[in-house]
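Quick setup: one chain, the form predicted alone, written in structure tokens, and binding and motion questions come after.
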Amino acid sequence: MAFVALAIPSNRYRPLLLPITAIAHTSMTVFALTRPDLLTTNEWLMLDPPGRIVLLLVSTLFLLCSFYTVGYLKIKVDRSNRAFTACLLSFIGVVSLVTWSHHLGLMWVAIEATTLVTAPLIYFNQNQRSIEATWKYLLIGSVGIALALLGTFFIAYASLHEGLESTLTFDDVLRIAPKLSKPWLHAGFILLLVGYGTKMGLAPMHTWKPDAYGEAPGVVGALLAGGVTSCAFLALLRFYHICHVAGDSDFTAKLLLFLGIFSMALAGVFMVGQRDFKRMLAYSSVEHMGILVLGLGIGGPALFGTMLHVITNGLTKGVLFLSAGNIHRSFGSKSTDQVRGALRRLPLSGTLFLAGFLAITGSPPFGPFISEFAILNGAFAADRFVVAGLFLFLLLVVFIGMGATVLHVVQGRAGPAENQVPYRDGFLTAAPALVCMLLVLMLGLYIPPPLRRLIEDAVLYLEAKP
């Protein structure tokens, strides 16, 4: 479909390929998830339980973003959308490959491909700041992915060092995990944590995020924060699983807990007094990547909440980035110095931005409250009381810091300069964010049994030892 988009000459009709592809992708995803016989094609391509969750999330998010993009590109009539549309279609392809990859080398290639197809999306506005953000994204991401490749080689050499057959097929690595060389396995995991942690945006490897999220169109920020980071976390999950089977859970837990707390703390510091509301969302993403690895570090009791948080965070980021994109477009600025009174000027987007803030900071009755509460319960169940205390304190810091910026954006009266920009909410640019918000609310009140089974299967899979 990306090649078809490149071949279509019309700027007007080309974006229609996005919802057509998204509907087909989501339909095939649901069909595959309901047919266990379709989840394994060969030893290199297999949709394991954690992969099913990420694939379902990304497919749903892309479906909603595809309709938003049609409305967005109708407004952006001053430039060609050929590369933008083709890269978005390529994005859903390579992300799907990440979720299906059961060969560690193939998974690395797919994650590197996500960097290549999303870089042109960040540059879409074609100004000095967007090209700077794109280069920073490419350079820092390339260093991270190179370290991940080195870590993958270390995992392979951990078997050679012990006289075993070298393999990068995930099931084979799991089978021989207890026999792997511990020093090489530990060194490999550290490199992989730094490498894929860079793609996730964990602190201190997060430095590409504020610029990339701040300069990218809102729909691109939603796909980066909900899609690319979730795929990087899935890669980290698979290596965590290898270390767990090898009996090194204590080693990985210390690293994951440290990076989780550090990411939340750094995000909280930079959110206090933040005047750029799109950069604020970037630091919110840093915080929630920290929450994910924190839950992973706690382990067993917190794994259900961690896997649920992958979904709730991804959908809530969709609400925030899509509504923030509408507000930015209407006011022509991302700074709270110029943006006030969004509730008056854009009643729907302003309300969704405020509701998204309440959801992402863990307020009931939204989905992130349930997932974060489950992680907190897991910390208490695992007797990690200091971690639980720090977790609660940092959530409070983030709520205060983020709340000051969000309330400044949505409250008050807009200044006289706001009349210079004619944009108002349209159906295609507002409805996808509203649907995202309804899904987030639903997950706070009710988790559908099929989704609960998917999450429980993922937890059992990660805790199992072949």
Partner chain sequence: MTDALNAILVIVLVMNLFVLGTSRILAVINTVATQGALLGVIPLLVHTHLTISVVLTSVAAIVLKGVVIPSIMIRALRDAEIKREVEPLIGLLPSIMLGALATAFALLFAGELPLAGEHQSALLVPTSIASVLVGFIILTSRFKALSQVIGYLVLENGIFIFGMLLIDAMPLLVEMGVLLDLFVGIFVICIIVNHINRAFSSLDTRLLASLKE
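Positions refer to the first chain, counted from 1. Please read these numbers as outputs of a predicted model, since none were measured by experiment.
Keep in mind that the form predicted together with the partner chain is not shown, yet the notes after this line are about it.
This chain is displayed alone, yet in the model of the complex one of 204, 178, 105, 364 has a heavy atom within 4.5 Å of the partner chain; that residue is 105.
Note on contacts: among 358, 168, 266, 370, the single residue with a heavy atom within 4.5 Å of the partner chain in the model of the complex is 168. Using a 4.5 angstroms heavy atom cutoff to the partner chain in the model of the complex, all of 129, 139 and 184 count as contacting.
Interface residue remark: residue 113 is counted as part of the site for the partner chain in the model of the complex, having a heavy atom within 4.5 Å. Using a 4.5 angstroms limit between non-hydrogen atoms, residue 161 touches the partner chain in the model of the complex.
Within 4.5 Å of some heavy atom of the partner chain in the model of the complex lies at least one heavy atom of residue 135. Within 4.5 Å of some heavy atom of the partner chain in the model of the complex lies at least one heavy atom of residue 109. Residue heavy atoms within 4.5 Å of the partner chain in the model of the complex occur in exactly one stretch of 345-353, 243-251, 207-215, 314-322, and that stretch is 207-215.
In the model of the complex, the partner chain lies within 4.5 angstroms of at least one heavy atom of each of the following residues of 273-300: 274, 279, 283, in sequence order.
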